[in-house]
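Before any questions on how it binds or moves, here is one chain, the form predicted alone, in structure tokens.
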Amino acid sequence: MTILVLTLIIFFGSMLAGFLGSLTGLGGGILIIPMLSLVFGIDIRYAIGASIVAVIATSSGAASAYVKEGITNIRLGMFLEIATTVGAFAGAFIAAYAPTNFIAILFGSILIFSAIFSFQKKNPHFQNRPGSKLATLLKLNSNYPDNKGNIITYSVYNIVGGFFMMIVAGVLSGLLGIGSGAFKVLAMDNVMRIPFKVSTTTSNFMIGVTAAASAVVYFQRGYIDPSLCFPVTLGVLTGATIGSRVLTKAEAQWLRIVFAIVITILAVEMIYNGAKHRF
């Protein structure tokens, strides 16, 4: 296989990852790492480095479209980025010393957790209650247009719990290089009780800042290879742009199904290969 063919394969694989990552709020990195490490046999640390760069591109490509559509909760995203950035620095330092097979197993475990809780049902009457006082004080409650153009108003709950979960999401982002989109979506969807479509778009908005914080540490450690980052980033950005257009018309339940299926398959692969010390 020539370098050109390999580069094209990585590009199209990354484009698919960016497409799915944009639809589900995962950021693409959650698919990039298994693809590079399992399919192409690339060291997982370099795969994480390429993923972090790609995650920044994904956030830039998808977030702009979501903000234009009026779905993203910008104030909430900026508030929660404080927590994810602090956690990302801590996670990146831990990653420099953690065994690669441990990272792979942890990665898979987080994915399974994400798949299970993505289907946790909300209390349908919960949205009828007023949001938390802190959300009102910070002006985090907002609205978004549905598929028919109707404006849906929603309130934000449990600000403190969501903030601390975002610190954990930041640690996972720095440690695993995935942008921790799955954990962000779960925190906003299940803890803060935000509509799923708003959760995924706000997650995409936040992912770039979180990844940029950990990218500095990975760059200093020499784990960011430009020759690998180029096709990965270009592919993810292309896929994310396409996915952002599809998301605005997609049904939330369909997105949950895609979310769960994709990450469950990847989780099994990562845990199995991590346990076999194949990283």
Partner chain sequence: MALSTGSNNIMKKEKKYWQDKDVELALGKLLRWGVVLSSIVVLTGGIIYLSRNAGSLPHYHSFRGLLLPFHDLSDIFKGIAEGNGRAIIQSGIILLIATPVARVLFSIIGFIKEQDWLYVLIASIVLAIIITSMLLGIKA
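By rigid core we mean the largest C-alpha set that fits within 1.5 Å across both forms. Computed from a predicted model, the values in this text were never measured in an experiment. Numbering follows the first chain given and starts at 1.
The following text describes the form predicted together with its partner chain, which does not appear among the structures shown.
Picking from 103-111, 185-193, 77-85, 165-173 the stretch near its partner chain in the model of the complex, with a 4.5 Å limit on heavy atoms, gives 77-85. Contact check for Tyr154: no non-hydrogen atom falls within 4.5 Å of its partner chain in the model of the complex. By the criterion of a heavy atom within 4.5 Å, Val53 is counted among the residues contacting its partner chain in the model of the complex. Its partner chain is not drawn, but in the model of the complex it has no heavy atom within 4.5 Å of Ala98.
Within 4.5 Å of any heavy atom of its partner chain in the model of the complex lies no heavy atom of Val198. Site residues Val67, Gln220 and Phe230 are all in contact with its partner chain in the model of the complex, judged by any heavy atom within 4.5 Å. Contact residues in stretch 33-52 (any heavy atom within 4.5 Å of its partner chain, taken in the model of the complex) are Phe40, Gly41, Ile42, Asp43, Arg45, Tyr46.
Once the cores line up, the CA of Ala215 ends up less than 2 angstroms apart between the shown form and the other one. In a rigid-core overlay of the protein, Ile224 has its C-alpha displaced by under 2 Å between the shown form and the other one. Relative to the superposed rigid core, the position of the CA of Gly235 differs between the shown form and the other one by 2 Å or more.
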